[in-house]
Every structure is written in C-alpha cells, then in structure tokens.
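The data below hold one chain only, encoded as structure tokens and taken in the form predicted on its own.
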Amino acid sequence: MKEFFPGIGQIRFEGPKTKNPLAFRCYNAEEKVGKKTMAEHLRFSVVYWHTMKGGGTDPFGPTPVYDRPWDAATDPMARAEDTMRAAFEFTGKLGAPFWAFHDRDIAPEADTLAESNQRLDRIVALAKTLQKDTGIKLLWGTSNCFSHARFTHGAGTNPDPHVFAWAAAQIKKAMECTKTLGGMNYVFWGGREGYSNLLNTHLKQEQDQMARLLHMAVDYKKKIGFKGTLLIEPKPKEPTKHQYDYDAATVLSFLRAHDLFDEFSLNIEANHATLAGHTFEHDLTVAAAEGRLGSIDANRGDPLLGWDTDQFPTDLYSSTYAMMVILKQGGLKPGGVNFDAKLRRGSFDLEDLFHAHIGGMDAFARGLKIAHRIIEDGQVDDFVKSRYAGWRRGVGKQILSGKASFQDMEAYVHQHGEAAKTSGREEWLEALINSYL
C-alpha cells in the first residue's frame, strides 16, 4: 500500500530534553494525571478539512501553495480515496485516537444530491474499513452547508425554503454517515447562518427557521437511533457581519427560547471565542456552568489580526485555563480536544503537519498537568470559596433561598451600615498561576 508520509515513523514520547522535532516532550498517552491517563483526559482528534484538504490559502492568497501527494490523482473519487488513506496514516503515526470530518471534505459534491450521497457512501465504506484496521474512532461528523453557492444567503436561515430543504437533506445524510462510522457526536456549525445587512433580513423569521432545522435533527437522531451528542459550535462573525450563534451565552439563550436546551451541548472553539471579544476560558466556563460543555476546538487566533486564523494552540496560559474548566466538570467525554487548526501559508512541508500537531498536543498535555496541580493544591479554589463565604450563611443564604425581600435588604443596611471593602487579589492570583507554569 502506498505510503504518503515516507520516512516518518510513529511519533513517540521522548521527554522534555529531546532534540527530536518529531517526538513528544510532554504528551505521554499512558501517563496518569489523577485517575485517568493523558489519552483519556485529552481525547485528541485530527480534523479532515484543514489537515488533509487545506491548501494554505488566505484572504490575500486564494491560490493553494501546498503540494500534497494524496492530491495527485486526476479522478476526483480516486483522489478522495487517497486522501482518506493518507488521513488515517497521518492520524495513526501521530497517535491521535480520533478524527473529525465535514461531508464535503471526504467526498466531492456531484451534480445531484443522489450522486453526492453515492460518493459519500463509497468513501464512508472505506473510512469504516480503515477505522477497523487502525482502531482510530470518529469524534464527530458534520455537514458543510456554507461553501456551495446555493448557501450564499445561509442554509437553515435562507430566505428560500428550497435552500432550507437542501440543507436539511444534506444534514440528514451526514448524520447517517456519522452513525455508520460510530461517531460520538454530531456538530452544527452555521457558517453562514447570520446576516450581512438588516435592511434585507427578517431576523426573527430566520431564527425560527434555524430552530425548526434543529428540531428536525433531534427528531431524526431519535428515528435512526443515533446515540451521540448533538453539538452547536458558536461563532460571532465571518463571513457574515453577525451570526446567530454569536457566543456560548447566545447559543444557550437560543436553545432555551426554542425548547432545545436539553437536546444540545456546545463545541467551543478558542478562536471563535476571541473573535466574540472573550477569552477561550470565558466561553468554556459559560457552557460548563450550564452543564452544556460537550467538546472543544483547540486553536488560537493572532491578537494582531482580526480574522479567524485558526493557528495551532501553543499558549500555555490558554491551555491551562481551558483544562482547569474541563477538569472541574469531570472531563469532555464523549467530546474531545479537536485540532480545528491549520498550518500557515508558509509552512507547506509534510513534516510541518506533524510539528504543528505535536506542538498542540504537548501544549495541552502541559496545560493538563499544570491545571491538575493547581486544582489539587487548592489555593485558587480556596480563595474563591472564601470570597463568596457570605452567601453560605446569614443574609446571603436568605437571599439565595428566596426568603428575603427589598424591605429586608433595607432593614439589613440600616442595621449594619456601610459594607466593608475587600480586595479581589487579582495580581496575587495571576502571580500564583505563574508559579505553577
């Protein structure tokens, strides 16, 4: 069988002193952190779209610069099969246990829906065989309802019900493919579910349409017996000016308003959170606080660039804060740490794919170990517990139990006078985190 990454063997853990660029310095899959191994905590996933299909394009360079051996075949389906084999070779050599896909990543769209579905069936059959041969599993599947010209004005939120029907039919098939491959989750990312101009937009109508699409998906999940989690991935903008799944809080409110809250969890992406004006850990915390954090897309943006750069995660502060949230909620299963990240345009060698993933996996492994130490040590949690101690007794307890009124508050202030000032100790806490890094 053809080897697409010749000369590159299995990536192994060699420790922090290694000089080998094709080795892990921190990620040791079998090393236990607390009661679980790193592999069990992190559940790393390789994405198909950026890793296998990315061409190095950007807004000012639409011409691909990557020269990939799996793109050599002239027949589109032969190329698709080569790409699938290359994906499993790469993921296997990296040692990641999971992969993720969009439907149009793995099989090119044909002239009709029926032909497109036949192509998907052919590639899904190959993927199922490769999963069985390698032990690699599907973290999640999803549908690309944003690239084709028909989706210019959105998919589920399109003003034309014919386009809505196309999106529903495409998602139906993608859910079936995900189930066939044993996928643990199915993700909805509304790439164009928003507006560019309110002058031509019926905002409430479009949001009602999106809710109907999601209800259809819930019904179909039950009909086909798909046991995985349905996930929604927030993003505030790009390519639209405003997207309806703006951030974690917006999505949670939408789900409540449309009687969908118990049916979906959230897949939080770092770069999407920062585009919304938040930190990664902010959106993770918002989702986790509601018991709705299901999975994450691990990447980062560039603070000097205002668009979705999807760079590989290397910031230890970000990975540490993220893992603190994840550990406190008991982990991500059945979700995982999915590398929705791409090489930059100038990193076009095949080895760069390994360097990028190794760096991201090491960053999250270090973040995991640091977060575990911080939580085990307890200083941060003890400070927070102490800061809110007044709410566990006396008037604070009465307020939260619903037993206090405005009149009671007025009487309390008359009796006790001015409230004491207490420091938030922000600088001390930040320095404390530095001591663990």
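Computed from a prediction, not measured in an experiment: that's the story for all the values here. We number the residues from 1 along the sequence you see.
Below, we refer to the form predicted together with a small molecule, which is not included among the displayed structures.
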| Does residue 49 reach the small molecule in the predicted bound form, with heavy atoms at most 4.5 Å apart? | yes
| Should residue 146 be classed as touching the small molecule in the predicted bound form when contacts are defined as heavy atoms within 4.5 Å? | yes
| request: Please run the contact check for residue 308 against the small molecule in the predicted bound form: heavy atoms, 4.5 angstroms, yes or no? | output: yes
| query | Using heavy atoms and a 4.5 Å limit, would one call residue 82 a contact residue for the small molecule in the predicted bound form? | reply | no
| Looking at 103, 283, 193, 297, which has any heavy atom no more than 4.5 Å from the small molecule in the predicted bound form? | 297
| said: Only one of 244, 189, 264, 164 gets a heavy atom within 4.5 Å of the small molecule in the predicted bound form. Which one? | reply: 189
| field | Per-stretch contact check against the small molecule in the predicted bound form, the hit in 202-210, 135-143, 70-78, 120-128 (non-hydrogen atom, 4.5 angstroms) | value | 135-143
